[in-house]
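Here you get one chain, nothing else, as structure tokens; it is the form predicted on its own.
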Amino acid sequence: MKDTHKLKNLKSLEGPFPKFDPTNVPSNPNELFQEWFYTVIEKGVHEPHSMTLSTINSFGYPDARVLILKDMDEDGWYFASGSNSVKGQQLKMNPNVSLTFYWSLIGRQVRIRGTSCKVGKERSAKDFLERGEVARALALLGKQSKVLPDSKILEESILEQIERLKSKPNTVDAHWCLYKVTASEVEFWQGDRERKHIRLLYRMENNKWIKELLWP
């Protein structure tokens, strides 16, 4: 067995972290999320828009992967995927999802539980056309998560699709979807060096947001 001392000696939550007053927050979690997100950008956190999307597979097990937050507004949080992908099929079967953001540099985490839905072809097409050339080529192949017998096939297939895009630059993958997550619960977590973490939960009840402090 390998030596585990290196793992045990790793530090966590060293700080310093920004202050968080849970008594002075907006009534809507979407607004507080935007405040935290802009703080993350100002602090220079690397790829602050990366998030973990968790879905449920056909066997009832959770399935998680890191995606990019595409947009956010008063209605929800947005991400994109092919509807014919594994996660796309999972979303079709069960639209309930969770999003998790963790910004270790400032010791903050946001957990969002809610329901996903497609936002429409026009916005989905716009998102697709804003993607990089290789990203669009890969999406058009429609083979995400399928077995790849040889890496040479990957390169050849990408080149074929790039040529297709050069001849028809406005080509849009028919399966590409922009999804919106409408939250039912949003938890804001501010880490503390002494583990006296601050946890503020927003939960929807009778079409109104209720705020509750949780034990660390």
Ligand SMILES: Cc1cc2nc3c(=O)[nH]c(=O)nc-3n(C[C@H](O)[C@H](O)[C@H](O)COP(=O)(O)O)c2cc1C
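As the structure is a prediction and not an experimental result, all values here were calculated from the model. For every residue, the number given is its place in the sequence shown, counted from 1.
The form predicted together with the named molecule is left out here; the points below concern that form.
Visitor: Using a 4.5 Å heavy atom cut-off, state whether Ser145 contacts the named molecule in the predicted complex.
Guide: Yes, Ser145 is a contact residue.
Visitor: Please tell me whether any heavy atom belonging to Ser50 falls inside 4.5 Å of a heavy atom of the named molecule, as the geometry stands in the predicted complex.
Guide: Ser50: yes, in contact with the named molecule in the predicted complex.
Visitor: Are any of the heavy atoms in Leu154 no more than 4.5 Å from a heavy atom of the named molecule in the predicted complex?
Guide: Leu154 lies outside the contact set for the named molecule.
Visitor: Applying a 4.5 Å heavy atom distance criterion, does Lys43 contact the named molecule in the predicted complex?
Guide: Outside the cut-off, so no.
Visitor: Could you tell me if all three of Ala135, Lys168 and Val172 have a heavy atom no more than 4.5 Å from the named molecule in the predicted complex?
Guide: Judged in the predicted complex, none of Ala135, Lys168 and Val172 sits within 4.5 Å of the named molecule.
Visitor: Exactly one stretch in 27-35, 185-193, 160-168, 60-68 has heavy atoms within 4.5 Å of the named molecule in the predicted complex; which is it?
Guide: That would be stretch 60-68.
Visitor: Note which of Val119, Val86, Ala125, Met72 lies within 4.5 Å of the named molecule in the predicted complex, where distance is taken over heavy atoms; exactly one does.
Guide: Answer to the contact question: Val86.
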